[in-house]
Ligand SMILES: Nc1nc2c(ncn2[C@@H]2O[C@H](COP(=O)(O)OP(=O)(O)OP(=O)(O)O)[C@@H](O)[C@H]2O)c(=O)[nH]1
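One chain comes next, on its own, written out as structure tokens in the form predicted on its own.
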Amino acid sequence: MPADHGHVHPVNFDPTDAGHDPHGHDQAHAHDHGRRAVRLGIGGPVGSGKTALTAALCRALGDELDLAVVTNDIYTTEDADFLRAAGVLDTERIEAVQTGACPHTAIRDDITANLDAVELLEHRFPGLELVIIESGGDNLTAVFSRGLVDRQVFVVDVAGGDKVPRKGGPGVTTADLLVINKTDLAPLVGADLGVMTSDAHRVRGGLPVVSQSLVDTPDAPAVAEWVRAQLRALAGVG
């Protein structure tokens, strides 16, 4: 992959425009894989490890896929700055959306700013295959619009307590993949991983669950393999 040089370019989101898409983007366009990159959303509560997982996927997949990242923060470009400093991708492959409101607003209610950031990346890199869109930290109800992403991952961590999966919420119950993160901390916080995992499977009705520690497996191999499988499925490859 050729080197690119530049800076993170924040894309500002006007929360007063929530609820419509003045640029005319629609869900049919969002699922036209013949013309654009697959979009993977990563959401979850504050501190659950979304940015660390995004970085891990960039490390795991960056040599085999043409990929880029869009981050979301309310007022800053903190997550984009972290990824750039970590060197997981060339800086021009990272765009930052400043939502100016609760993060779910820009990933579900008015997705314009995120679509603009994705389309900017697609214009900059015509062969782009995958764009990871990381939401800002939100609650268990935060899910991506299906007009923005093709697949979504929801991340919770053991430090939030082993009761989190059974509390449900659309993020936990409907995301295409649920990740129980930071499993290495379970003994330190008194979380029962067996309870978390069984509750997660019970409330998700057969949808997949991955438990991981990025301390033990820094490249998130189980999640990376799931992403590869989704790309194959969306491409119609068995």
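Because the structure is a prediction, the values reported are computed rather than measured. Numbers for residues come from their place in the sequence shown, where the first is 1.
Unshown form predicted in complex with this ligand; subsequent notes refer to it.
Participant: May I ask you to state whether V210 is within 4.5 Å of this ligand in the model of the complex, using heavy atom distances?
Facilitator: Flag for V210 set to no.
Participant: So, in the model of the complex, is A52 in contact with this ligand at a 4.5 angstroms heavy atom limit?
Facilitator: Yes, A52 is a contact residue.
Participant: Give a yes/no on whether L185 approaches this ligand to within 4.5 Å in the model of the complex, heavy atoms considered.
Facilitator: Looking in the model of the complex, residue contacts with this ligand include L185, since a heavy atom lies within 4.5 Å.
Participant: Within a 4.5 Å heavy atom cut-off, is A229 in contact with this ligand in the model of the complex?
Facilitator: Judged by the heavy-atom cut-off of 4.5 Å, A229 is well away from this ligand in the model of the complex.
Participant: If contact means a heavy atom within 4.5 Å, which one of 129-137, 90-98, 104-112, 143-151 is the stretch that engages this ligand in the model of the complex?
Facilitator: That would be stretch 129-137.
Participant: Which residues within 60-94 place at least one heavy atom within 4.5 Å of this ligand in the model of the complex?
Facilitator: The stretch touches the partner through D79 alone.
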